[in-house]
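Next up: a single chain in structure tokens, the form predicted alone.
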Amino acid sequence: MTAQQPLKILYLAAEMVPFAKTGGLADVAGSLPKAIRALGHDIRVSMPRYGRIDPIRFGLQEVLPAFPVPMDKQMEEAAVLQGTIASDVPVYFIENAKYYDRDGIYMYPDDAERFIFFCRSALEMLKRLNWRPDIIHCNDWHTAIIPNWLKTVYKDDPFFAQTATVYTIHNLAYQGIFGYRVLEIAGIAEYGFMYHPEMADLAEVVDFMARGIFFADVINTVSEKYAQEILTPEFGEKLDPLLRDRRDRLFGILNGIDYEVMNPATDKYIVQNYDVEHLEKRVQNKLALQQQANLKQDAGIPLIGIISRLTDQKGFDILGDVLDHVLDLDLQLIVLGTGDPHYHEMFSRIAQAYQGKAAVFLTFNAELAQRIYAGTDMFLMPSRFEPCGLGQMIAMRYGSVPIVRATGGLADTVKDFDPRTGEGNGFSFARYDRWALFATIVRALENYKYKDTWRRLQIKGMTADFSWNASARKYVDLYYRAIAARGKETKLEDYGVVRK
């Protein structure tokens, strides 16, 4: 296959906007396929049809009636419904009431079975549709079994003889770790556990993420910096020895954001639309946000926003250590998100103690999120690690200047402002330390006093290109790399297995 030929790609994800979302994976799955389709490739998406996905609302039509799917030496039935995104990207929904007709998406005791069934159904679906993909693009642990299957269960199946796999790591911390029984359910018990001399735990558990990394033809993660970081023990989540073994097939491609959706000139959720040529209009969004959040309405007070999962990973441990000091400064804070209970308690205390200065919304609200991007002066992301991060890119698109820790995708997208040279588009700190964070917030506040300087920072962020265009081309290049790499995999027997 030459680089000029259009590709056929099946993109597999556990979640996808607008159908179901818990995190950034859903945003990527809803945006990247559209950008790849625009480059002329036949890309199609598959995901489970969770109970919350209403077939009538989304106009889903059955394309395959119930068919048998091998599961644990027996058969379960799957049907396939079809919808679309952007009018020309097909989305295949795997339907099975037993596994997916539930209120939520994750955190069920049988999650391993649910996603094994999704993956096996997707492969069997392809045969019934008689659509042979050149690439199966898998995402996170939920779909990591597919590269494993194509090198074992399906290795002699002529239908998949020319199919290569790409495996994307969105967050290495969530690996999908289960017990031996999962190997039986997946039909690969005869191959046993994996073994690595530097990773003894692999011989005792089924780590889906590790299997995706080992068996995929090409692996990538969602920023260049994170691809380097995960080769180290600090960021490698105990898989760094395996990742170092596969580093010749490991790449970093920065996520993008959907510029059609994330556009302050057309955003239906914000009070006043604006663009980079009319930034003076933006202040109306700040005043409206202050009013909605019961903060003092004053355009001159710097307003910092946070939209996040409230977890240690996102840096709320070091922020919590200095939060009272931060709120003693001349600023306002608005927080939107949910997460660990002790952070709910921490922010609830802050909201009570600093009424009129701090507002906290322990929920997720898409409309309020857009208003925070459009109405804040600064956007805070002090993450301990951040594979990519979308919030800082959306914030810049809306003219909110980011304050971040220089890690992963945050380091790739936010360059620290130097007032002497004018270089940089935000404020960042390297050392994961509460006082480094505090000093960076103070530095941002000092620069906020200089309106011309601040306006230049806003313009830099708003005119940067964080769309999917460039990243989609890099993914297409990655697909051709995977096709070239297919068949050159490390042999399982050379790597070592442990059989129960």
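So that there is no doubt, residue numbering starts at 1 and follows the sequence shown. Computed from a prediction, not measured in an experiment: that's the story for all the values here.
Although it is not shown, the form predicted together with a small molecule is what the next lines describe.
For the candidate spot formed by Ser308, Gly389 and Ile394, every residue has a non-hydrogen atom within 4.5 angstroms of the small molecule in the predicted bound form. Remark: Gln284 does not count among the residues lining the small molecule in the predicted bound form, judged by a heavy atom distance of 4.5 Å or less. Contact check for Gly337: a non-hydrogen atom falls within 4.5 Å of the small molecule in the predicted bound form. In the predicted bound form, Asp42 stays away from the small molecule, with no heavy atom inside 4.5 Å. When the small molecule is considered in the predicted bound form, Val261 lies well away from it, no heavy atom lying within 4.5 Å. Taking a 4.5 Å heavy atom cutoff to the small molecule in the predicted bound form, the contact residue among Ile301, Ala369, Val271, Ala351 is Ala369.
This chain is drawn without the small molecule; in the predicted bound form, the residue among Gln313, Gln292, Gln82, Asn96 with a heavy atom within 4.5 Å of it is Gln313. Checking 69 to 77, 82 to 90, 148 to 156, 359 to 367 against the small molecule in the predicted bound form, the stretch whose residues place heavy atoms within 4.5 Å of it is 359 to 367.
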